[in-house]
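Starting off, we have a lone chain in the form predicted alone, written out as structure tokens.
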């Protein structure tokens, strides 16, 4: 009798389940967890944006849009980027199904099997697996111990197979934010080598330094990705966008047409409304949360103070076994992400401080207790 089991592709077999998602699922089985594992803002979608979505639904804006997104939203994004970057006449914007969708389109449009993309270590876990999915290889460049991307570290990893250099600022999982000198250095490296930068800027509105700095300010050889998931509190709405050279974006149109088709139609109108709003109050709220956690943990853990996003990537105390640390957290129903889930090393852990102050204070007390216990 023939074997009726469905053959699994090597592509699928090469993808491991996200270590971060495992903790999300673990939290669902706990009675009262303090979940600092999943990276999503703790506030809800603003009422004005909800009403814009409801209005679009009620007005019948529920059919397909053009695959690249409604013109009104793309025009608003062009105006936003032109104000920041100056002349973008050779570029085009595109609305994507979250930044994740934009990353997938970028990898599909620029990487062939056997190509290499350079990603930082530590990294957002999706970067490595997206490369696998398109048959390419993600090669890490080291940003330890201060989490600063440098041209020297990247240059050392460039080969004749390198097609893209990915940077993420503010960073997931470290919270590190590029300054102008660092962004200029990366832009100069891209111009010198001809290798495009992919700049993941989804946390651009959560910035605690003077301003958000993008490498795109200093080079045209750059693909910029961002979206509404974090700043507008709508990760489940899957609203992202990108800015890239026009000929590349036009190829992405075809790729999206035959995959995601288009981003959710009524929610594009909602995101357009969101671009009119000021999220500075949330930024300042999260600055205070960062300070609460940093000040509470800095005597027990070595921490690089984040300049943006809503993550912290503390080092485990010297001599502390990562598995014992994780077990101690789970015993207390405290969920954090082991560093090995988003790095080639397992010397750190990621916590997301997008939570209530009450939960953060409890988490700080627990983590200080754990540090004392395991030492």
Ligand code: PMP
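Remember, it's a predicted structure, so these values are computed and weren't measured experimentally. Numbering follows the first chain given and starts at 1.
What comes next is about the form predicted in complex with this ligand, which does not appear here.
Residue contact check for residue 313: none of its heavy atoms lie within 4.5 Å of this ligand in the predicted bound form. Proximity of residue 74 to this ligand in the predicted bound form falls outside the 4.5 Å heavy atom cutoff.
Remark: residue 256 does not count among the residues lining this ligand in the predicted bound form, judged by a heavy atom distance of 4.5 Å or less. Using a 4.5 Å cutoff between non-hydrogen atoms, residue 199 does not count as a contact of this ligand in the predicted bound form. Taken together, the three residues 110, 216 and 221 all stay farther than 4.5 Å from this ligand in the predicted bound form, as judged by their closest heavy atom. This chain lacks the partner; the member of 128, 238, 212, 282 within 4.5 angstroms of this ligand in the predicted bound form by a non-hydrogen atom is 238. None of 294, 124, 144, 141 but one reaches within 4.5 angstroms of this ligand in the predicted bound form through a heavy atom, and that residue is 124. The candidate stretches are 261-269, 80-88, 168-176, 294-302, and the one lying within 4.5 Å of this ligand in the predicted bound form by heavy atoms is 168-176. Contacts between stretch 101-120 and this ligand, counted in the predicted bound form as any heavy atom lying within 4.5 Å, involve 103 alone.
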